[in-house]
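In structure tokens, one chain follows: the form predicted on its own.
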Amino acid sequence: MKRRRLAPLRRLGQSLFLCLFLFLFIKTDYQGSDNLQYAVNLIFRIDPLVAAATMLAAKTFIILLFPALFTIVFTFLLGRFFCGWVCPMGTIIDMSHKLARPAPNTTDWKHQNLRYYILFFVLTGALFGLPLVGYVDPFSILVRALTLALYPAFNFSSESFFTFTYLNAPPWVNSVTEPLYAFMKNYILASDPRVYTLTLLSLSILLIVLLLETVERRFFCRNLCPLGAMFSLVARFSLLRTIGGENSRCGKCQNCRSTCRMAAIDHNKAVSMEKCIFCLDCIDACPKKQISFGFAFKLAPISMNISRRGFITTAISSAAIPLFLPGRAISKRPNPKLLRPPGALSEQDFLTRCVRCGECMKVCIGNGLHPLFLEAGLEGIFSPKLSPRLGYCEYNCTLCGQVCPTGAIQKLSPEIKKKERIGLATFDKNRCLPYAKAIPCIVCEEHCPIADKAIKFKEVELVNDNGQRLVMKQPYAIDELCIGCGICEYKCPLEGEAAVSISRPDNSRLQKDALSY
């Protein structure tokens, strides 16, 4: 009889969910309207780890993350189907398996408790004010690397290729490449090329996750992924179960064990629902059709072996680390150049909710949002800041508030957004051309988007280097009108450091930030 082949069905499902994920990722971009047409942050809104950590940190229910509850319900019904069929990180790990000189499947979990320690550390840390979920959540790692490294590289290489063919290839080649380029420009490539900071660091983290495949099949999923650990705890109660074979019928056959990418089958052919991700490889590999799946309620034994001492140590560590944060210099005087996106919560609330996904950076029209490194401390790495010398906040744009999955950046109406103060502009009179060299320049005032102009001029009569007496327009900023969008600093024609810069306003938000640490 012809053997059943079910794994292709799983691969088809993985491919469809990966395509959906990439579609939403590409649509996280300006599409000619200030309203996004799709739920581009869906992958984070169905992530129960992000939901649990963010709500513990915020100590409130966040309606945006309500869809994560459905993921838990489906896990109770279908086990860890999410890890085997839906998770884009798992799919990419599987795709990289053959490219990474894979290690043979191991049948034991050597470090299975590590992911539980990470999960407890992340959740208790979130409860006590230590935001870590963005560093270990698989979707944060993946989307951040795509946003900051892979997608810009793809855009750059595509633009370079089509530019080369347009300039150098014969007409018959361009008759093919130009329509292809037009299609990609309309549907795949970014609306404008973007550059980012921390590109290589973001890429390196993703590469490390993939390269761990050389150590053990699905090493990240088995040993490190706290989201997978959360699914394991729920999957013990799942109704859909994989039913293993029996030694009396299987004999010495170990095909199912050696095939299982998650080492979910023990010596007696029993399948651990805590580990099984329903990849279906074991069913295909079984020559005697001893493995099947069906619905039944049976509480599976848990393989988690965390000692009481280990649990207490993890809990105390995650609770104690936040006690050291107020002792740092940045808690007394925050970095004046740390500009958060418009609509951002107060600094501490913002850091506890931000999951470092990079969605706001990708959708930013002016390419003004970039990831932080250490300017806000270790807990602020990869969180977004406005870097006016690299980009600016578009006056009419509210997209960053729309894509933020946790509400760290509040969704603002266009009217409120135009009044939301990010920072204040100040001029360096030693660099500004009308001040320092008596050279006329009105670039900053020309680009100021405020209707009444937050940058104005005072006319001063002076003598230039050639001894000529002239009337010079010298710019200055009106604090009451300036919102700190940064376009004046971005457009300043000086090389290197601009003559006008944006810094945090000395207002109630800043004072509240200093007190909140």
Partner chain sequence: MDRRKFIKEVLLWSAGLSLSVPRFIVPGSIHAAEGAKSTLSFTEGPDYESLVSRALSSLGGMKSFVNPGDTVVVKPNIGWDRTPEQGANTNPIVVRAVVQHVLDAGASKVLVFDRTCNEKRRCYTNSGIEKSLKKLNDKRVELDHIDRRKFVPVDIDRGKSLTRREIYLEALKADCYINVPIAKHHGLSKLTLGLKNSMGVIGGDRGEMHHDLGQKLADLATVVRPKLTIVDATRLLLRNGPQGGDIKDVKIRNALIASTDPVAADAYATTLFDMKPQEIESTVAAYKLGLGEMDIAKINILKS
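Numbering follows the first chain given and starts at 1. Quick caveat, the model's predicted, so the values are computed rather than measured.
Same protein, other form: the form predicted in complex with the partner chain, not shown, and the subject of what follows.
Note on contacts: among Phe74, Phe373, Phe156, Phe128, the single residue with a heavy atom within 4.5 Å of the partner chain in the predicted bound form is Phe156.
The contact with the partner chain in the predicted bound form, taken as any heavy atom within 4.5 Å, belongs to Ile365 out of Ile365, Ile93, Leu240, Cys432. Only one segment in the set 252-260, 129-137, 437-445, 267-275 has residues whose heavy atoms sit within 4.5 Å of the partner chain in the predicted bound form; it is 437-445.
Remark: Leu167 counts among the residues lining the partner chain in the predicted bound form, judged by a heavy atom distance of 4.5 Å or less. Not displayed here, the partner chain is approached by Ala451 to within 4.5 Å at the level of heavy atoms in the predicted bound form. None of the heavy atoms of Phe82 is located within 4.5 Å of the partner chain in the predicted bound form. Within 4.5 Å of any heavy atom of the partner chain in the predicted bound form lies no heavy atom of Phe382. The three residues Thr197, Leu386 and Glu497 each lack any heavy atom within 4.5 Å of the partner chain in the predicted bound form. Residues Tyr392, Glu394, Tyr395, Asn396, Cys397 are the ones in 384-410 with at least one heavy atom within 4.5 Å of the partner chain in the predicted bound form, listed in sequence order.
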